[in-house]
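The same protein chain appears twice below, in two forms, each given on its own as structure tokens and labelled structure 1 and structure 2.
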Structure 1
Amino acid sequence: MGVIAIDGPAAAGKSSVARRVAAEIGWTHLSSGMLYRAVTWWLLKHGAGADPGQMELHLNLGPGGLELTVDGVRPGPELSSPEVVAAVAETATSPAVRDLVGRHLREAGRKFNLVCDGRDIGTTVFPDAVLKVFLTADPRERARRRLIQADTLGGGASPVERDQALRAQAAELEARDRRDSLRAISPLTRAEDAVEIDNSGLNLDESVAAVLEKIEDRFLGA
């Protein structure tokens, strides 16, 4: 089985690009951030002192790709709640949590050809990935995309309000990136052998095309 790793900072479009690339090449998409969010969600419910080893975490292949269940429940939008977003980078510093998530990712990697996105996929989880992409975008552009995704860049908002919302979102993303980059274990960093794609000026289709081009280069040796 093979892995294509797509790492990079928050809101660079990694999951959207990885999902589309996987569909194009007939591989399976897996967002590692979704697993860290799921563990965080579980810890918020069960108390920070709870042992994540007690959670029943499963990844099953469904019609929409790999589906996550936690204690038999499929979490949805709650994984993007402000509470989960505020706590996830801290949860992700725990060696026990990284070990747990890493084991699930590697198990999936033994069963499927994966396009896996995250922060440490090419550096730590799958250092032998057949292709490593480091996907970045300008912080303000990433903030804009995240606000559009959350549908909070309201059409009714004034330019000043929109600018304030953008600044606040950019600050939140930067704080999370800083935490992810500075942590001791598996920090967010570009693997030496990763190809970097800055998609600030690219839309989703163009970003997908840029990755597909790297895949062609890699496999056709262009």
Structure 2
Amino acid sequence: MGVIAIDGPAAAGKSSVARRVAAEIGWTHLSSGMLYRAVTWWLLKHGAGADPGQMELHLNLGPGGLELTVDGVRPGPELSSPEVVAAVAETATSPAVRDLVGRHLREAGRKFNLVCDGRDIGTTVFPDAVLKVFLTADPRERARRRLIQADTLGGGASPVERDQALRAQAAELEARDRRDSLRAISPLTRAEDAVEIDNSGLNLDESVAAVLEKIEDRFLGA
């Protein structure tokens, strides 16, 4: 089995690109963020003092890709609830949680050919990945994408309001970048052998094509 690791900062498009790349090459997509949100969802239900090691977390391959269950339940859209999204960054700083998620990711890597995205996939989780990509973009461009995704840049906003929203979101993302880069355990950093792709000026199709080109170079050029 093999793993292609796609790391990078928040809102760089890692999951969208990884999902499309996996579909193109016939591999399985897995986002580490989904597992961190699953743990966060479980902790919100059981209380902050609960031991996430008691979770029954399983990943199984279904018709639509990997399907996640927690204690026999599929959380589904609940993983994207505002409560989970607001708490996941703090949950991900826990050494116990990072160890738990890392173990599940590695178990999946032993079962499937994965395109796996996150922030420490190529550095900590799969240091022997067959290809490592560090996907990044300018903070303001990442802010624009995040606001579009959240549907908060509506046509009714004035240019001044749009600029203020972009500035605030970019500042929030830069603060997240600093926290991720400076954390003591598995900080966000580009692996020495990773290829960096700045997709600030690329749309999704172009970003996917750029990663596929690196895959072709790695496998056909080997």
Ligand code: C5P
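Counting starts at 1 with the first residue of structure 1 and goes up one by one along its sequence. By rigid core we mean the largest C-alpha set that fits within 1.5 Å across both forms. These numbers were taken from a predicted model, which means no experiment stands behind them.
Matching each structure to its source, the form predicted on its own turns out to be structure 2. Positional change of Glu78 between structure 1 and structure 2 reaches 2 Å or more at the C-alpha, relative to the superposed core.
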